[in-house]
Ligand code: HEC
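Consider the single chain below, provided in structure tokens and representing the form predicted alone.
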Amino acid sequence: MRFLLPLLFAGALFAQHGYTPSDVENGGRLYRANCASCHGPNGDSQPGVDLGHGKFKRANSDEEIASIVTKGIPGTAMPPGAFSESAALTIVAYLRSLASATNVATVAGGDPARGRALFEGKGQCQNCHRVRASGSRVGPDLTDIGMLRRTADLQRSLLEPDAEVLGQNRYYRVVTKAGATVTGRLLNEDTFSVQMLDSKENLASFKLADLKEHNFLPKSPMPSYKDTLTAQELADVIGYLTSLKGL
């Protein structure tokens, strides 16, 4: 019974404030993009603060937390955020959900050294990703991924890469009027042109007048490792990724 209490408590909070699964999902995106670099993926990187377990120095209610998110704390390192009140409350919804999140199904016991070898070898991860000065720039740089994503999030990204594709990580595709198709990372788009880093890390520039189509791809270019890595290998890769703290 005691294992159900956190879930019931979180459910009561969601009902009280009208939070929905969509609120939690949207708040998670905002938190990872704007807050995780300082507070960590679990919200516990600042001394005396554990956002994922309701440990706040200057706030108790959800409204007070949302106010700090939008206004910051003068005289401290906590800056004001460019969020609407409703967006700030979705971040609160996500923080409240962390306390009830269960990682029972999350793999554990990974060895970072073995994980690095798999990352650089069997997994062929460096074909798209970069860690420090090694690897490709086509995909997201993972040098500090251990500070930004939770273990459960990393596991889901490896097994179900299409489950959540962050906006900054989506691939872009252009189709020219001549019939050529190029995919890669969007670098810039203005009134007249598009600049990309293509899948071979070449800089490509196109005039919009020469394009038949240009848009973001809805799915991730990353493959699923569900049938590629064993459970232990998956744990090792995740162990390596969580060890990457930008140092």
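Only the largest set of C-alpha atoms that superpose within 1.5 Å between the two forms is called the rigid core. Predicted model, so just to flag it, every value in this text is computed and none were measured. Start at 1 and count along the sequence shown; that's the residue number.
As for the form predicted together with this ligand, it is not shown, yet the points below apply to it.
Contact annotation: Ser220 falls within 4.5 Å of this ligand in the predicted complex, judged by heavy atom distances. When this ligand is considered in the predicted complex, Arg149 lines it closely, a heavy atom lying within 4.5 Å. In the predicted complex, this ligand stays beyond 4.5 Å of every heavy atom belonging to Ser84.
When this ligand is considered in the predicted complex, Ala77 lines it closely, a heavy atom lying within 4.5 Å. The partner is absent here; in the predicted complex, the one residue of Leu89, Ile145, Leu98, Val174 having a heavy atom within 4.5 Å of this ligand is Ile145.
Scanning Leu197, Leu211, Val182, Ile68 against this ligand in the predicted complex with a 4.5 Å heavy atom cut-off leaves one residue, Ile68. Only one segment in the set 50 to 58, 201 to 209, 188 to 196, 174 to 182 has residues whose heavy atoms sit within 4.5 Å of this ligand in the predicted complex; it is 50 to 58. Although this ligand is omitted here, in the predicted complex none of Asn42, Glu63 and Ala93 has a heavy atom within 4.5 Å of it.
In the core-superposed comparison between this form and the one not shown, Gly184 has its Cα shifted by less than 2 Å. With the core held fixed, the Cα of Leu51 is displaced between this form and the one not shown by 2 Å or more.
In the core-superposed comparison between this form and the one not shown, the C-alpha atom of His214 has shifted by less than 2 angstroms. Compared with the form shown here, the Cα atoms of Cys38 and Ser136 sit 3 Å or more farther apart in the predicted complex.
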